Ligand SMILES: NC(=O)c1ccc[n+]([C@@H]2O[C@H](COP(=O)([O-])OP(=O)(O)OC[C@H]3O[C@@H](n4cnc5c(N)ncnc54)[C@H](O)[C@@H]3O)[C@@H](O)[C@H]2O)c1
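In the form predicted on its own, a lone chain appears below as structure tokens.
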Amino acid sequence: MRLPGKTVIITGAASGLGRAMALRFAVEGANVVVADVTQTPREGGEPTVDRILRSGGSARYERCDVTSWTDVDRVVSDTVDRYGRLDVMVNNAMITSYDPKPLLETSVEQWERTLAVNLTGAFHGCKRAVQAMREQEVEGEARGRIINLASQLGIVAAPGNCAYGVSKAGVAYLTRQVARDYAKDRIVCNAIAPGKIMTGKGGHAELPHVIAFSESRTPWPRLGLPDDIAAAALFLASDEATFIQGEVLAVDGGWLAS
């Protein structure tokens, strides 16, 4: 096991990438806190916490709307009270209820809501995690680790998807800022930029023309799977990645190389 006894909070872990990371971290011995607005997986199946517990792992659910500082503060405080420390914070929650729109078709509501969840949510998670981690003893070389979920579409332009692309570009910058400011406190902060990942959640992201576009941009002969992201997150959460700081790790099958 690579995370025995470590405590991890993952926002948006009921479904998709967050769910895959939660399941993988639990297998590696972590105490996993699933922080989400729901326990129902969008792709179907039993709740993440139930699946972890059934497999003999350690997990609990905390209802959390990441746009609310009060919710994020409560989840982190409860976690530290229960387990004694917060080792890893994964800011994964994102909004999927809007179809992609270019600038002129993006409503103020879509813009504000997308940034509230994707970017302000990550800001809340980073800030509260740093507060907690600075009060902890160093273990290995770090007091704690933060992993943010960016996107390859926050590095190159997101075709016709203004609000999403800007929100994820902001996450990438936030990651570098936190890493630069708090490395002296022994806090490690990095991000993952997934390429096209087939989560099984459906919706616009898995329409045939969207998949065809993604396949045309991805040199590797398949699109990504949630486990690809979970493996990258596990590496960044481990002691093996201590000297990696402020990086945005592209897990995209070569999308950004083409």
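Every value quoted in this text rests on a predicted model; they were computed, and no experiment measured them. Residue numbers here begin at 1 and follow the sequence given.
There is also a form predicted together with the ligand; it is not shown, and the following applies to it.
For the marked spot (129, 143 and 186), a heavy atom within 4.5 Å of the ligand in the predicted bound form is absent from each of the three residues. Residue heavy atoms within 4.5 Å of the ligand in the predicted bound form occur in exactly one stretch of 163 to 171, 134 to 142, 79 to 87, 103 to 111, and that stretch is 163 to 171. Distance criterion of 4.5 Å from any heavy atom to the ligand in the predicted bound form singles out 42 from the list 60, 42, 217, 51. In the predicted bound form, at least one heavy atom of residue 92 sits within 4.5 Å of the ligand.
Under a 4.5 angstroms non-hydrogen atom cutoff, the ligand in the predicted bound form lacks residue 22 among its neighbouring residues.
At the 4.5 Å threshold, heavy atoms of residue 122 stay clear of the ligand in the predicted bound form, well away from it. Interface membership of residue 75, defined by any non-hydrogen atom within 4.5 Å of the ligand in the predicted bound form, is ruled out. Looking at 53 to 71, the residues that come within 4.5 Å of the ligand in the predicted bound form, counting any heavy atom, are 64, 65, 66, 67.
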